[in-house]
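One chain comes next, on its own, written out as structure tokens in the form predicted alone.
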């Protein structure tokens, strides 16, 4: 799975916003300069983040953006999904009951990649902006590893 610049830049910008928005709103030009992201690209991302209810805009002199919720309540998965970045590892499109190949069957590795996507989503859903700011990702990785090790291995049917 490859996360595009859309998802990565949105998370970078939101972490920057969480770090700098304590006293006053933060301008996108300040975020763009600090994170070395195009201002026009950030404007597009923040329009989506605002529609998703993750940020609030403040107009007028000294205006900019604030987090709509606290950094401890804003999950990385929400940010990525808000900018229309899918969190999945399969190459398959939505398949419903039928398979993802042209003959409507599942590809041989579909379940593997789907489960990987589920783990990635679960991990990103467990991480908040505050966790990133306070560099607490090791805790989440350890929890994810413990959870994976607690599950019995799947046995293939012969």
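Residue numbers count along the first chain shown, from 1. Only a predicted model underlies this, so the values are computations on that prediction, with no experimental measurement involved.
We do not show the form predicted together with the DNA, though everything after this point is about it.
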Fill in the blank from the handout: Heavy atom within 4.5 Å of the DNA in the predicted complex, from candidates 125, 118, 109, 38, belongs to 38
Practice task
Only one of 68, 58, 133, 33 comes within 4.5 Å of the DNA in the predicted complex by heavy atoms, so just point that one out.
Solution key: 58
Problem - in the predicted complex, residue 26 touching the DNA (heavy atom, 4.5 Å) - result: yes
Problem - Contact of residue 85 with the DNA in the predicted complex (heavy atom, 4.5 Å) - result: yes
Practice task
Answer yes if any heavy atom of residue 63 is within 4.5 Å of a heavy atom of the DNA in the predicted complex; otherwise answer no.
Solution key: yes
